[in-house]
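First, one chain by itself in structure tokens, the form predicted alone.
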């Protein structure tokens, strides 16, 4: 990875809901063009962390910067520079595939010419050209996920946040999805992805493992496996969670 200012940096990032601490003083950096995996079981704090980094949820404490912008001071500017794909399908079922892309192009304030160009590029890139005039609700889940990722990429964001993007998708489609993610990273896009599929960690340049709001391990998958003398990241994960 190039030695540049980090695309994402968090320092003691914290979020409380009453007495419950969902994210507990987490600190980390993500390099530009890196695929960074944020792993943990359901309820570990992954989605809360990603929502703070996207400027959608104000932290209770700490600070973070995305593309050099403070989440405490510049949340609106951050949302213009990032792409965000939530774990729940967030497009409009009653719109055509191309209408969804047109809608999000408008939301990102693209000019008509740029919107048309990017829409056609996304349709081609994700092999959606043949279904562009179909209602979105008629698509299989894997195709919907492709469309959701394409919509998040319309404005060519510097950083792409993916919150459990492959939930419910079959293994072949999941693998294809990750090939797309690596293609984007190779072109310079920073990918921050949350997942509870431990095998997907093997596709990341680096991962962090969260448990009860805290980061309990971080590093390259191969180095974490070597450190703990275990053959898979799932084994590492189970070992760490039991130890915690």
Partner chain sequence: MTSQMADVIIRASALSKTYSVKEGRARKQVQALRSFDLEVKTGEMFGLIGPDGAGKTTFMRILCGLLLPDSGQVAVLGFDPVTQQHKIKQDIGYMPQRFSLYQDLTVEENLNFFTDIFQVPRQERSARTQRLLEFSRLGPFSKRRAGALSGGMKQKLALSCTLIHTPKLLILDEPTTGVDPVSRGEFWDILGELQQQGVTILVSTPYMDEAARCDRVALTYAGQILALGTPDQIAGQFPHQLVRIFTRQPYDVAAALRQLEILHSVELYGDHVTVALDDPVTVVEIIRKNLDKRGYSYTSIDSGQADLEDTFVYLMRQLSQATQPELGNDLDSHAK
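Numbering follows the first chain given and starts at 1. What you see is a predicted model; the values in this text were computed from it and never measured.
Only in words, not in the display: the form predicted together with its partner chain, which the text now covers.
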| property | result |
| --- | --- |
| Interface residue in the model of the complex among 27, 60, 67, 180, criterion: non-hydrogen atom within 4.5 angstroms of its partner chain | 180 |
| Contact test in the model of the complex: residue 111 vs its partner chain, heavy atoms, 4.5 Å | no |
| Residue 92: touches its partner chain in the model of the complex, heavy atom cutoff 4.5 angstroms | no |
| Its partner chain contact in the model of the complex: residue 192, any heavy atom under 4.5 Å | no |
| Non-hydrogen atom contact residue 214 with its partner chain in the model of the complex at 4.5 angstroms | no |
| Partner-proximal stretch of 67-75, 103-111, 152-160, 127-135 relative to its partner chain in the model of the complex, 4.5 angstroms, heavy atom | 127-135 |
| 9, 56 and 121 each touching its partner chain in the model of the complex (heavy atom, 4.5 Å) | no |
| In the model of the complex: members of 16-46 within 4.5 Å of its partner chain, any heavy atom | 40, 41, 42 |
